[in-house]
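Subsequent text provides structure tokens for two forms of one protein chain, presented individually as structure 1 and structure 2.
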Structure 1
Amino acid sequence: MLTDRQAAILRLVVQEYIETAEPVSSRSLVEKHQLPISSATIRNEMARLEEDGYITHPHTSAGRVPAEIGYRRYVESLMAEDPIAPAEQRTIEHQLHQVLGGLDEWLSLAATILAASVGNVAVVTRPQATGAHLKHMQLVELHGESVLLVAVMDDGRVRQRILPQPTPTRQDVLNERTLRLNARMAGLGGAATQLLATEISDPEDATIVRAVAELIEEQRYTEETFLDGLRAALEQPEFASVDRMLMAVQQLQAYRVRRLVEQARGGRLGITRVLIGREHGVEGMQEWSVVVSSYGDAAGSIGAVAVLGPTRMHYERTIPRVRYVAALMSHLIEGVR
């Protein structure tokens, strides 16, 4: 267990290191905070903290640097969240309301705003229906030779697919079929639609129903991610060498980021999780931390808002901001529907 004094010192070490990115020395702590104890005492305490794994040493004559456990402890119980100034809140909210295009533009904008606010990589994933249901579908004739199937889900997302058509079909015939099939499929989930397909005798109808079933399910796997802030993150001193920077760029490949965010996010809304370094278990990204929060609507459509950065990250700033943006998005997505 840590004594109060050890905890206080650990806190200062983490704060100072997050601020300056330089190993922090015993003397600098005393001077900077006018501590009522000497640097030698600090050194003794630091040695204890190092024994317990909270901090480390780059080399013999360097100051101390937080270890993963040190950050963990800091985030868990030593840190005070940095409140978002009302002015900044307003700025963020205002920017987020400037939605011009569709959902995608909006998510991309959210990533940009968040990235700018925390100075690290921000990632936003598309909200994913957990068990979406079909609201409505429509068949549209294309070039007379193929048919466009448009399916609208009850969470407002739209998916389309082009179906080859052996014989040309006129639009009014398609309208009739649309009407007929909608009557049977509306409100069904993926599994139920799949089941329905097996019960339909008309082969063309069955093809369409099967396609709709796939569209409903498909959403689960085509989760796109919107990312911004690469430049800012790469400016962090941890990447201040060509090799490290290249590594970082490689590590931020889309699929890895997705894995990381997926790994880290808890299902429930309103909860912000923090995974530090190896805690997330995505290999090759041991030196990255992630702060993630889910957003979504009551209907169960859920996406993630996350910030990625080096383990030396402004957790005090990042955590409330991720939470705030996620909450805003939940609110907006609810309102827009």
Structure 2
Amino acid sequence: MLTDRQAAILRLVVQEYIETAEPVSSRSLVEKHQLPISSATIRNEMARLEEDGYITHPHTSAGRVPAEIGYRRYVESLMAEDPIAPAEQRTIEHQLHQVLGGLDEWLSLAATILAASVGNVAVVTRPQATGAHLKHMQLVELHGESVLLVAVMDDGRVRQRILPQPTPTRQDVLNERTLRLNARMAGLGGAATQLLATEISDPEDATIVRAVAELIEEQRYTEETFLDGLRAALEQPEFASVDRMLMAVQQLQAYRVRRLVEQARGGRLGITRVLIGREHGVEGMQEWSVVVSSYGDAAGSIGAVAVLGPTRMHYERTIPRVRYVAALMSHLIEGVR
């Protein structure tokens, strides 16, 4: 538990570091905020905060910077959100309602608007059903030594994969296998199909069922993404070196679809999640935070609205704007379906 004074000091340390990207010293806090206590008292309290893991001490500086749990405490109980003023809401709504092209234009513009508002990377994904299911599959002979697997999903999308065969298989045998496996797999989702593969004794049948399960899961993560704000994010001090900038671009390219959608679908519609540093569990993204909210319609289609940036993020501004844009996107897609 933090004392009231420790909580107040932690809040100031986080706010100062977010604003300046420079380690925060006890003297700077006293001088800037005209605190009614001495620099030595602040220094002692900061030492206790460091012992408890809320802040850390870079070896090249006498100041402190927030640690992950310090940011977490700030977001959960010390931060005051920067609300969206009615004029800003009207501007966003007006911009989106001026788009006549349809859903893709809405998604692209939503990413642009959000990125400009928060100064970080904004990502919006196309809404899609939460869980794809197999309608039916077909096996087609290819040159005797390989088979084309065609999987048709219940939303009409089609995915294909070429599978090697240990021995050539005639088309009539493949047709029989297709009928047999369709009788067991039709209507199943990816997890259920994967489980079914473990129960099948025939190794060739099991291989096909596992491949179908993978295609179903891939279907879940083929959402097209609309991204904006990369340049603004890379202009921040964290990416001052070329190497760090290139690494950041590579990390975002690898991260933005699959993991982002998983994070969004971890919560209910209207719930905004904040994942700080290592909390999102993505290798190489420990210095990034994600603010993400899901949006969708009554039919069960879900997409994601998110902001990605350094852990030194303006959470108080970002969180309400991600929440608002997600709610607005839900309203827009409900109106066209």
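Just so we're on the same page, rigid core means the largest C-alpha set that superposes within 1.5 Å between forms. The structure displayed is predicted, hence computed values, not measured ones. Here, a residue number simply tells you its place in the sequence of structure 1, counted from 1.
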Between structures 1 and 2, the form predicted on its own corresponds to structure 2
#### Entry: Yes/no, Ala240 Cα shift of 2 Å or more between the two structures with rigid core fixed
no
**Request:** Align both forms on the core first, then report whether Ile37 has a C-alpha shift of 2 Å or more between the two structures.
**Result:** no
Q: With both forms fitted on the core, give yes or no for whether the Cα of Ala62 moves by 2 angstroms or more between the two structures.
A: yes
In Å, the rigid core superposition gives a C-alpha shift for Ile200 between the two structures of 25.3
